[in-house]
Structures are given as C-alpha cells and as structure tokens.
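As a starting point, one isolated chain is supplied in structure tokens, in the form predicted on its own.
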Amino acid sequence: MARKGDRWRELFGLIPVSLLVTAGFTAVLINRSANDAPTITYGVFFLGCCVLGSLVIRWRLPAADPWLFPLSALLAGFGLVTLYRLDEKFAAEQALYFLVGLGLMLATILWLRDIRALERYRYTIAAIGIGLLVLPRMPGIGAQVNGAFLAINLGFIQFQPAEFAKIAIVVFLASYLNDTRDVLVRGRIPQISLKHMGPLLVIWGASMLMLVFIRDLGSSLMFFGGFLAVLYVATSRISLVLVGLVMFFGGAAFFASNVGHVEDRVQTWLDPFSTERVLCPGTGTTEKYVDCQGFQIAQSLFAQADGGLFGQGFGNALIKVPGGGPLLPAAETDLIYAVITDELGLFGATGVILIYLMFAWRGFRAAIDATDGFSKLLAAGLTSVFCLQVFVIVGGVTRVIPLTGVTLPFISAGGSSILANFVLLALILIVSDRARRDRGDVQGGLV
C-alpha cells in the first residue's frame, strides 16, 4: 500500500498554495492603494475548501498521487488572483465555479468506485460526446462566442459543451483501442479493416466538423491530437500517427484555403501587423488590418513584450485605456496568458508553464503505473488533452499557431472549463489510486 505520508504531503502542499493566494490578493490591493481587511480570509477560505477536498481524497483514494490536487489548486488559486486583478466580478464568478467544480470532483470520486465501469458504457458516452459537440449549432440554444459556435445558452445558464465532450471522447477511445490494439499492432496499415480504423475516421470527421461547422479551430486540434496520443500509447506505431497527422493537416489546409473564417484566422496569424486597409466586420468601417482583425493578437504580443523578464507587477500593467475600454481584448479568457506575462514577466509566465509540466508529469506517471490497459490509455489520453489545451492557448497567444478560443485550464475565466477539468482531475486520481495500490509499496517521495 501507498505510505500514509503521501496524504500528509498533499495536505501540507496546500498550505503554501493558500499563502500564495493571500499574497497575490494583497499585492493587487496594494497596487490599487486599497484597504481590504478580509484579504487574509481569502486565503483561509481557499485553504479550508482545499483541505476538505484533501480529506475526501484521503478517505476515498488513500493511495492516489499526492501532487496532482495541490498543483491543480495552485493553478486555480493563481487564476482567481489574476481575474481579481482584472475585475472583481470575474473573480467572484470564478470562485463560485471553483466551489462547484471541487464538489463535482468529490462527487466523481465518491460515485465512481471502479474506473473500469466506464468501459461498459463506451458507446453511450461516445454518443453523448458527439451530441455535445453539435449542440452549439442547434437553433434556439446555440450561441456564438467570439465568432465561433462554442456555447449553449439555456437562458438561466450558458456553458461550452466541448469541455465535457473532450472527456467523453477520450473515455470512448481508451475503451475501444484497449479492445482493438492487438489488431492495430499486428496488422499492416493496408490490411487493417475499415471497422478497426473507424475511430480514426470518426474523430477526424469530428475535428473537421468543429473546424468548419462550429468554427472551433482550437478544440479540433485538441481533440485530434489527444486521439493520436492515445493511439500511439495503445499501439506504439508511429506509422498510424503519421497517417493521422497527414489526414488532419491535409483537411486543415484544404479548409484554410476554401472556408472564409478559417482562412481569416490563418491570415491573421501570418501577418497581424499588416497596415493594409480593409473593411472591418466589427465596425463596418475601413480600417488598417492591425487595428481590426489583427488587433487582438497584436495587442497580445505588445503586452508580453511590455512584461520583459520580471514584469510590471500585479495590478500595474495597462490592460484598459484611460476611458475604460479594453486595450487587451478578452483578457480574462483568450489572452489571460498575455496578462500573466505582462505582470509577472517571462520568469513568472515560465513558472506557470512549469506547473503545467509538473501536472503532465504526474498524469503520465499515473498512466505508466496503471496495470490494466483501459486505465493506462485513459490517464494518458486525459493528460494529453489537458496538455494540448495548454499548448493551443499559449501557442496562439505567443503566435506559434493561429489564435483560438480555448481556455487556459484552471486559470481562464469560464465555468465549463473549470468544471470539466476538475472531473478530468478526479478520473486521473482514481486511476492513480488503483495503480499505486496494485504496485504495493510506493518507494520514495516523488515516484
């Protein structure tokens, strides 16, 4: 069995997290020249919620990885501080979603006693996942977010179903490939039947659907990339991954040349600083390209350059123009990484990336330790999708790839994202607990 010290390590890991949350709120208030007596209580309340979560994990998953939950709490706490710096309203909403997400994580841990039970419902889960992807285009409930059909608006609530669909698709792929991996490993590509290549074609089609029909470039890359990661873990065949990459980039290149909104995204990525005068869709007037379609990515790059190595400090970066309008569009969602770089500098932004890398390390560690195929593929797939989501948004903000509308996990404003990522965390913790139980004794503190 895993040593009891693991749970104490997890619990004590939450203390510096709460201190950082308190220090972050204090720094913001100091820079605003504001006095707020309850500042310390923010950190205490955050610590109390996290301790409750840790106690449930200790009771239900005593052998689970001791680092995943503190790392997630650190990212969530950092996100709260950053959003509070932007607008107190954003932070209040995110705090509510954090509590609901924490409750959803604990409910998943308590309800799902055996992770392998999900295998029995793989086709139902797949159908739900695909249905969630299509819902934003349904008349009456579909809603556009920054030009893409990402959300469902039910009047009393609005959420982005793709965040939950990514989990459903990974569960299906892990189960399906666990059953068909022997055929895919032994057979040559021309000999593999259409039946066995079905998931590749379905996920490719779903990715292209998202790229064109839903206009969600980021999620299409995230979904298909996650599938290729699971496929490679299942088969260890780089040839299948290369076939998948050719299919995806071939389809993406075709649509980038023939579908207007995809072509616009690519053009903005290639030359956001163009001074060519164009008709701006947002205002209906003729303006320079850099002041219209290229404005968001251009301002993102300016903000990151403004941060330098050490940043301007919390609350010091110029996010809004003196009149109150946004100088950095969508700072709380798409461009929150630019805000982080502006205020904490290259070193601070690199620190955030290192936290995500540590989360990835522990997630893949759970996959390596898993003793059954489904759990191994599930943990690898969920961790891959999580990492790809970070890459897509950070890559877009830094102009490595075209800018898309996905969120930075646990940090960006967005209830759907934080709820789905807490469920993702719960599933990896369940896999980790079973894997470490099966291993018997856990050697060392970071293994």
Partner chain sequence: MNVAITRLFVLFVVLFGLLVAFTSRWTVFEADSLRENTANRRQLLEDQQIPRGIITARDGKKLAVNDRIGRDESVRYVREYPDGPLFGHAVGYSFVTQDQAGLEKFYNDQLIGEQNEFASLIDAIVGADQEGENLRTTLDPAGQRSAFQALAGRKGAIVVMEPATGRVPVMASVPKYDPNRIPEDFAKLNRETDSPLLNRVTQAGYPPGSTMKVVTAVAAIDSGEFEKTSVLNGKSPQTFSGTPLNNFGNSQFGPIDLTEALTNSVNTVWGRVGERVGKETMYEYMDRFGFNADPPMDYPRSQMRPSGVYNPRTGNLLDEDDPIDVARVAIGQERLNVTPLQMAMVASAVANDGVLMEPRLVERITRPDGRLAERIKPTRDERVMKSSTSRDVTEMMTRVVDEGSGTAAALEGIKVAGKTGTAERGDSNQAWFIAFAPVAKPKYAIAVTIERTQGTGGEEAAPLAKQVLTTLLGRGGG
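These numbers come from a predicted model, not from an experiment. Positions refer to the first chain, counted from 1.
Here the subject shifts to the form predicted in complex with the partner chain, a form of this protein not shown in this document.
Comment: 369-377 is the region of 72-80, 369-377, 119-127, 93-101 lying near the partner chain in the predicted complex, near meaning a non-hydrogen atom within 4.5 Å.
Put simply, residue 390 is close to the partner chain in the predicted complex: some heavy atom of it is within 4.5 Å. Using a 4.5 angstroms limit between non-hydrogen atoms, residue 220 is distant from the partner chain in the predicted complex. At least one heavy atom of residue 398 is located within 4.5 Å of the partner chain in the predicted complex.
Proximity of residue 321 to the partner chain in the predicted complex: non-hydrogen atoms within 4.5 Å are present. Checking 253, 242, 327, 112 for any heavy atom within 4.5 Å of the partner chain in the predicted complex turns up a single hit: 327.
Between the partner chain and the residues 227, 172, 337, 84, the one pair within 4.5 Å by heavy atoms in the predicted complex involves 337. Shown without its partner, the chain has 299, 301, 302, 303, 304, 305, 306, 308, 309, 312 in segment 296-316 as residues with a non-hydrogen atom within 4.5 angstroms of the partner chain in the predicted complex.
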